[in-house]
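To begin, one chain is listed below as structure tokens, in the form predicted on its own.
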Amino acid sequence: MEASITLKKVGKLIDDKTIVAGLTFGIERGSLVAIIGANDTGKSILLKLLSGFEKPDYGNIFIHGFDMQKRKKKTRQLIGFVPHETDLDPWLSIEQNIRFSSLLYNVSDNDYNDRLDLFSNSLNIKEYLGEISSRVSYGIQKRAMLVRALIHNPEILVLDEPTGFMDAPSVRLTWDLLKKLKGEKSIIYVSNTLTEVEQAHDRILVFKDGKIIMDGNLDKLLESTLDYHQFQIEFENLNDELYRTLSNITTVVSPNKIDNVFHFYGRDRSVFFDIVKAASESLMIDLSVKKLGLIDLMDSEFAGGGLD
């Protein structure tokens, strides 16, 4: 499939610190791509590079085959960008902010009115269009920023925490719209809400230390952990001696203690019987077992290397 965005050895330095380290990858047209990673690892800078709001120190970024640095006006027309923090003019109304963007992109009055009506209804912000931006909630501002990003009908959406500051109904409305747009538009987004990423992606890029350390859909990323389960056992009294005893069981992986709860990973559910044997004189109150998900994969102890 044809690439929507292509990076070739792209790097970014800030105060001599490497934020993006020679990235080379492509994003297919019409795909929904999530970028995840620890906070302050440069994910937002990566999005700004993809959207043209930051310039790489080396390497090239191509948007539909056009070099972003050589064809700035052309490539900017192809992209709609929503940053993490609100950047609406606080003294203008919501509609004035959106209208100003449409004028920058030479959107016709008919197209502007049609798109404003469609997207403001989809995101349930029509009643707020006349409100001064600084007087509405951050969640409404965030939805307005998405409308603004869509007003010139870009082929690529780059979104930093697209549901940040939103309540549950607003999150649902936002994703209902984005899922309708997927396929028609390429969507690249950063989110710290891993359950959101699990439910909304064609591909996940795990970003760490300026590099992509994992790349694929959820099933592919979890391949190295498919044999594992996550266990939580609550004891009446999980003292230090019992914790050390349980931690030293060979089938227990990455144990930790939270109050009287013993949390660990194991390759097989039979590890529970090893725990029962070792803690036969201690009272267990509760037990939970589940397969691993993205949040477990992103545990700092495992990221980049799996549970092995």
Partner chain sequence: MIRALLIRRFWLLGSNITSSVVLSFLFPMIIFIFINLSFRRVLVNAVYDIDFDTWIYPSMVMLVSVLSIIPSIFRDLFDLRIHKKVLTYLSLTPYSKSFLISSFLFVSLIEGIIMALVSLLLYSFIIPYPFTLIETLSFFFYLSIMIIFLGNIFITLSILSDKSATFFISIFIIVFFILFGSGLVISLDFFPLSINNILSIVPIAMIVSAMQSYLFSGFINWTITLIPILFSSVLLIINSILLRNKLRQ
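Residue numbers count along the first chain shown, from 1. Bear in mind that the values here come from a model prediction, so they are computed numbers and not experimental data.
Keep in mind the form predicted together with the partner chain is missing from the figure; the text below concerns it.
Proximity of 55, 73 and 77 to the partner chain in the predicted bound form is complete: all three residues have a non-hydrogen atom within 4.5 angstroms. The partner chain in the predicted bound form is approached by residue 14, whose closest heavy atom lies within 4.5 angstroms of it. Taking the partner from the other structure, the partner chain in the predicted bound form has a heavy atom within 4.5 Å of a heavy atom of residue 81. With a 4.5 Å cutoff on heavy atoms, residue 104 counts as touching the partner chain in the predicted bound form. The partner chain in the predicted bound form comes within 4.5 Å of no heavy atom belonging to residue 215. Remark: of stretches 83-91, 230-238, 174-182, 190-198, the one touching the partner chain in the predicted bound form is 83-91 (heavy atom within 4.5 Å).
Proximity to the partner chain in the predicted bound form, defined as a heavy atom within 4.5 Å, singles out one entry of 203, 208, 115, 99, which is 99. Taking the partner chain as it sits in the predicted bound form, the stretch 137-151 comes within 4.5 angstroms of it through a non-hydrogen atom at just one residue, 148.
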